[in-house]
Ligand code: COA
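One chain follows as structure tokens, the form predicted on its own.
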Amino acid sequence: MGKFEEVFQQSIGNPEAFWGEAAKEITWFKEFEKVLDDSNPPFYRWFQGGKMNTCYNAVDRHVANGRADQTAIIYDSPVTKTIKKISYKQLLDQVSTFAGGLADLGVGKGDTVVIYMPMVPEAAIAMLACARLGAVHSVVFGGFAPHELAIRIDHAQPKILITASGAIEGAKTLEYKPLVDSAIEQSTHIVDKVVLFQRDFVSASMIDGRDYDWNELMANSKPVDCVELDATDPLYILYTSGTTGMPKGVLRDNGGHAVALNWTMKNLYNINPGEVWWSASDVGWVVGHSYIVYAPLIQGATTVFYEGKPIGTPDAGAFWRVISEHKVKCLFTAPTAFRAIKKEDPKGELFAKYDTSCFDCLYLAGERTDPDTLHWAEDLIGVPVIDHWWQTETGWAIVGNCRGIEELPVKEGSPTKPMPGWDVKIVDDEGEELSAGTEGNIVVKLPLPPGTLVTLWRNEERFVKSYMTKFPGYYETSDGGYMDEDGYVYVMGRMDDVINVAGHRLSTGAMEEIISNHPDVAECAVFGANDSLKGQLPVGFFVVKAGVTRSGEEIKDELVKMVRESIGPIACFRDACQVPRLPKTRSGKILRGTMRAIANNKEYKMPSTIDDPAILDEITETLTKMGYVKK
């Protein structure tokens, strides 16, 4: 039995002993009485009776333990041409003072606070200040439309809203304040206090009696200590899209979250205290919560806050510049980012300009890593490229490659094996476990490990219905896939991405994998369109790499041939079209469900997370020309 297998078996066989040991790595004000309270399934609670504070673990304890002068946050903003380093001592001063300012405005334990900020250190300071007071923060992605922000305000019912005057998105300046004012006007919940961080490049007007200037608040406030909290007290709400219009408010607790995230930094990512870690995401997403702010700081690492894009700020060498300049050991980003870099700089000429000898590993997550992108990245940067799979609800990886325990061989198309603590099964629609290699529903045996969602904010009934009802005793991931004979998991996409062609269940993810192997294709999407004869037929869109001049029709014919040869004529893959771009969320996920709805002439809700709404008009026009959309 290998080292990883040994650790995994311990975690499944005796989770209380396993997580009880992991809990020794964080600081407790009072030791917990019980590692796992399983008296009220599926509402499991970790570290019952323990007293602690997440902010103390992320900031104060490092200052007390000799890391005061170590850099906690590197802020790198190519869009504002700013680089700033903040030590743990400086972070403590700012967080404790801002917490004092929030307390002066009436924020206390159990209150909710909405944070609507760009990728600036002040976003982390606001989050940590809430955690310091025991207030529950809900970060909403900066730039979300007023209507979407209003929905979240009404659901979270914040005592206060924290925002900035704006951000730079590509070549445009996006003003936040008009969006915030409009959202507050639209919401039924009254927000009577707004803290505004003014940025140099865009000034926002203040509303007397309601709005407070960030810098003035800091200047007039005194630092406060951390509030002693129960491990089971809520830390934050993070809204994620539901199948209905109302987003689901994933609720995370304090104790389990701190223990699990701290454990992952060394064991999953092989990062030690003091090393530089970079998660190229945004604080508005779960990755930003877990791996820009909380995990690296709880562990005592240095975290990079990057306010920019993988391309265009200024070019496709941006990531290599950050890694070289700040001596980044590991980077965590979405496959989309690397597909964008590959499209702009397919030969990796910009990579050669930088010294990346400090770089140890690239981690990808957020969507399936296609083999072409995986191998392109491996060949270019010469370090391990590790895919892993998780969800907003889980807070950290369900399936991964624990390089801090034992690095397992990479298999293309698989994020490797279930993580310690995750008892993953593949089951059919009746809940019967399937044999190796057979595709089905990916589920996780309860209880879930620490750090995962404990419920949905103000909706326990929806929590049970959404995740715990279809397969009793299991968490339903709503993703489909299979496990091979070595225990490697293959995630083939949402279960509704499985299409039924003449009675045959076929994975659009498998077709995408084949298409992405074409040398001219940068990225692709396959989704099911209704067909009167076959039930459903696959439709493919593809974007070509920079410099490709061949006709889309010629490439399409080759793709049809490739799918036919790999899957067989049973796939009925005959319709594909070249498009200039694919619709995506701001975190880089391709909106396959929305394209499917358009192709099937169904009403769809404009996704609140969409990067550019105009692209849906382009997609509709393309599908109309292809004969799917009926005028």
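Note that residue numbering follows the sequence shown and begins at 1. Here the rigid core means the biggest group of C-alpha atoms that line up within 1.5 Å when the two forms are laid on top of each other. Given the structure is predicted, the values throughout are model-derived calculations rather than measurements.
Not pictured, yet referred to below: the form predicted together with this ligand.
- The stretch from 170-178, 265-273, 202-210, 155-163 that comes within 4.5 Å of this ligand in the predicted complex, counting heavy atoms only, is 170-178.
- Remark: all three candidate residues (504, 564 and 569) come within 4.5 Å of this ligand in the predicted complex, counting heavy atoms only.
- The contact with this ligand in the predicted complex, taken as any heavy atom within 4.5 Å, belongs to 534 out of 326, 425, 89, 534.
- With the partner omitted from this view, the residue of 447, 234, 509, 142 that lies near this ligand in the predicted complex is 142 [heavy atom within 4.5 Å].
- The closest heavy atom approach of residue 299 to this ligand in the predicted complex falls outside 4.5 Å.
- Under a 4.5 angstroms non-hydrogen atom cutoff, this ligand in the predicted complex lacks residue 581 among its neighbouring residues.
- Interface residue remark: residue 574 is counted as part of the site for this ligand in the predicted complex, having a heavy atom within 4.5 Å.
- Using a 4.5 angstroms limit between non-hydrogen atoms, residue 361 is distant from this ligand in the predicted complex.
- Contacts of stretch 295-324 with this ligand in the predicted complex, defined by any heavy atom lying within 4.5 Å, are made by 309, 310, 311, listed in sequence order.
- Positional change of residue 194 between the shown form and the other one stays under 2 Å at the C-alpha, relative to the superposed core.
- Fitting the two forms on the rigid core leaves the C-alpha of residue 569 displaced by at least 2 angstroms between the shown form and the other one.
- Taking the rigid core as fixed, one finds a CA shift for residue 358 smaller than 2 Å between the shown form and the other one.
- Compared with the form shown here, the Cα atoms of residue 425 and residue 570 sit 3 Å or more farther apart in the predicted complex.
- The gap between the Cα atoms of residue 534 and residue 479 is smaller in the predicted complex, by no less than 3 Å, than in this form.
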